[in-house]
Ligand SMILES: Cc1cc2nc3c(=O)[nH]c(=O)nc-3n(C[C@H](O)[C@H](O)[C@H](O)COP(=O)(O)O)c2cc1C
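Next up: a single chain in structure tokens, the form predicted alone.
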Amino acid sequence: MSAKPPRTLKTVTGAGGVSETYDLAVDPERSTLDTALQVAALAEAARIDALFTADLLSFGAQGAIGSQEPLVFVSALAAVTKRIGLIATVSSTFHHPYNLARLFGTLDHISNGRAAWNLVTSSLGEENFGPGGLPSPEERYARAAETLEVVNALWDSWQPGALTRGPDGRAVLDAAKVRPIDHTGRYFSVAGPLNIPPLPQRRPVQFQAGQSDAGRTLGARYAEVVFTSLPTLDVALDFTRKIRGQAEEFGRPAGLPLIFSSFHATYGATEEEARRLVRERHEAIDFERGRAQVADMLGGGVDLSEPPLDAPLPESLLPDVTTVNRRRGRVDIFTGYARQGYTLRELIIAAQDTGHWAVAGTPEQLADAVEERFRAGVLDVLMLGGLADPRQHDFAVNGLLHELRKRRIVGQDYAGPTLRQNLGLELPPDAG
């Protein structure tokens, strides 16, 4: 038996700009895929492990995050890339599991095993999907759990040996080994089996975003990678301990799920330059508009138009997290900040990073921060941004990534053709 390779940090970048999508849409000479094509080429050349698409299902004051349907978007990128993974964010609240199984299964096929699903339960967009309003977080996560049970059963409905290569090189189907799943549950009735061939990865890699109690339980039970907002090392240690403990109770292998953090990096050629860039960004904040941003971070049900900027928020304005129907994990972070004594001005500054991990410094200093979390076991997958900007690309790839590779924290090349191999994840068990 060969020795297991040493643990390395995996890397992901956004598949394309957000605001750029609107700029591209008004240019008759360019496709709205153009920025993503540039990013994909740069990311694959840098041996970044995967491209990530975010999504929201409604239009807000500044447009929609993602701006385009993620599965269609990454499917287009599959044709112009060879090794980099393709992560699409899709809601389980507003999609049927049979369609999800077919969509992600098809993406896995056309990309030769590079598909991943980032499951979200949605905190916005219910007005576009019929009457009834947004279900409670508990209801959304219960539906998500059943969705995953159905989707996984459909992917497993092709038994080993159901499809083989005949003497003439063509496929030979043993239909007796393609079995219905006959699922009847609270939300879905699905006979199955799936009507596309068995997938290159057996199942696409399962990402999941959400860090409320219900979200953490779902991730502990099903996710292979969890995407979280972990602004401090202490928060990261607490979250990782809880979710890995729950995963162990579910009988899952040690080390699952992998912890995936966004990294809001401010790069400087010197420490002084990085500090100056942070200071200039803070000076440019519209603090009156920022009141609404903090209200959103607190769940949207609080009026912050009157409190003074340079005083802490009174306890009476802080919501009971269990009564909030949207993004409870984010609410938990910002109520925590408020109870630590952050002033409203400080909360507005923190809201610019929406609760994510933010670090400023030289590439070497940022590498120190990344290494600290990696060595502490609370960081397995790192989100890097800004590759479409030449300066940011230089700092991220030739600075931070180069430094992390020197320290043998990030690998030098792709481990194999599939995203599972590149993330160091085992194949799911054979369907029995």
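Everything numeric in this text was worked out from a predicted model, so none of it was measured. When you see a residue number, it is the position in the sequence shown, counting from 1.
The form predicted together with this ligand exists for this protein as well; it is not shown, and the discussion that follows is about that form.
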item: Selected contact from Thr362, Thr147, Ser157, Ser122, since only one has a non-hydrogen atom within 4.5 angstroms of this ligand in the predicted bound form; value: Ser122
item: Listed residue that, although this ligand is not shown, lies within 4.5 Å of it in the predicted bound form (heavy atoms), from Arg244, Arg328, Arg83, Arg202; value: Arg328
item: Proximity to this ligand in the predicted bound form (heavy atom, within 4.5 Å), stretch among 192-200, 278-286, 225-233, 295-303; value: 225-233
item: Contact flag, His356 vs this ligand in the predicted bound form, heavy atom cut 4.5 Å; value: yes
item: Any non-hydrogen atom of Asp380 within 4.5 angstroms of this ligand in the predicted bound form; value: no
item: Contact label in the predicted bound form: Ala54 to this ligand, heavy atom within 4.5 Å; value: yes
item: Close approach of Arg140 to this ligand in the predicted bound form, 4.5 Å, heavy atom; value: yes
item: Any residue of 205-222 that, in the predicted bound form, places a heavy atom within 4.5 Å of this ligand; value: Ala209, Gly210, Gln211, Ser212, Gly215
